[in-house]
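Below you will find one chain, with nothing else, as structure tokens; this is the form predicted alone, and questions on how it binds or moves follow later.
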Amino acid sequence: MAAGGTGERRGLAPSLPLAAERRRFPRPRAAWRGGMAGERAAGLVRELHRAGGGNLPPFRAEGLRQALEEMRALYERNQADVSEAKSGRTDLIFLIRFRHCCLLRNQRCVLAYLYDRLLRIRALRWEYGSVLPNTIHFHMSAEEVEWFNRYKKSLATYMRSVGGEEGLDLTQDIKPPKSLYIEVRCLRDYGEFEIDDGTTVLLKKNSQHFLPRWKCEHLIRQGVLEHILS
């Protein structure tokens, strides 16, 4: 699955497909022999909805596995009952249709869960830069980490292709700046930091500096610096 082009800006609404699935598929009322039909897949969607659009909860590999296992069981039961229905058991037709609806419902919930997470991960690239905090990285599956790495490489390739020889960093100045330089405070030891004119600044904890906004925006997002608001 891919989530849009590499040149897209932030401001997406990752909750849109999620909200659509919640409206289309409310909590199921009908049960089948394996328990409440579709409850596992719907639970994945509800968890994302509770987390809010800007947060990435831990990837629920076990919940996803259970939802897929339920789909496999529903499919196998339908295959067996379809053979009997063809032999004259017309009373099974309603149950077959019900299971088929459950399969489609689970499929849409699982796809909404996976796609919504990719939208959130894509938005995190614009917010934090190419290196995500460990707390967020820990919540991603191996496949999501691979997708994120491929996305940030595609984005970097695109940004190098526009804006002349040096390229254009589209992640800078997402909000129009009021000034080109800002006052910042260093929240932890970072080391030497070079700005455009070749000057090297030593970023030590609790030190304050007056730096170009575009050079320190990523450090602010990563929690290395904080903007001192007068």
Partner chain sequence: MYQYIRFGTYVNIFNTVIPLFLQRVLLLVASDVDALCACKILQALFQCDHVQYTLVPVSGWQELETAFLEHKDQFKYFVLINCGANVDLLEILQPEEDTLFFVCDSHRPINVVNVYNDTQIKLLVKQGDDLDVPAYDDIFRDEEDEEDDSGDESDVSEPSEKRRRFEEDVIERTMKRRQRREWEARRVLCSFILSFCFSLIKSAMVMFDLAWIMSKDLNDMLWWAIVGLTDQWVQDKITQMKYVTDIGILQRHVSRHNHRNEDEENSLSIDCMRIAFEYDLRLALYQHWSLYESLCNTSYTSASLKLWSVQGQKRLQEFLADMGRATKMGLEMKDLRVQTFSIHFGFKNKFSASDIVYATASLMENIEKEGPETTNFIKALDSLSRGNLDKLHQGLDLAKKQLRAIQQTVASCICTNLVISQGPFLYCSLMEGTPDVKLFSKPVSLCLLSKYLLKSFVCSTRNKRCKLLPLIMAAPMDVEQGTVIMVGIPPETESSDKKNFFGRAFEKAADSTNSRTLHNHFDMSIIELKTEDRSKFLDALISLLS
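Positions refer to the first chain, counted from 1. Computed from a prediction, not measured in an experiment: that's the story for all the values here.
What follows is about the form predicted in complex with its partner chain, which we do not show.
Participant: Answer with one of N55, T199, S161, Q172: the residue that has a non-hydrogen atom within 4.5 Å of its partner chain in the predicted complex.
Facilitator: By the 4.5 Å heavy-atom cutoff, the listed residue in contact is T199.
Participant: Heavy atoms within 4.5 Å of its partner chain in the predicted complex: does I220 have any?
Facilitator: Close contact is absent here: in the predicted complex, I220 is far from its partner chain, nothing within 4.5 Å, heavy atoms only.
Participant: Can you tell me whether Y181 touches its partner chain? I mean in the predicted complex, with a 4.5 angstroms heavy atom cut-off.
Facilitator: Y181: contacts its partner chain in the predicted complex.
Participant: Is it the case that R185, even though its partner is missing from this view, gets within 4.5 Å of its partner chain in the predicted complex, heavy atoms only?
Facilitator: Result yes; R185 sits at the interface with its partner chain in the predicted complex.
Participant: Indicate whether its partner chain has at least one heavy atom within 4.5 Å of a heavy atom of E194 in the predicted complex.
Facilitator: Contact with its partner chain, no.
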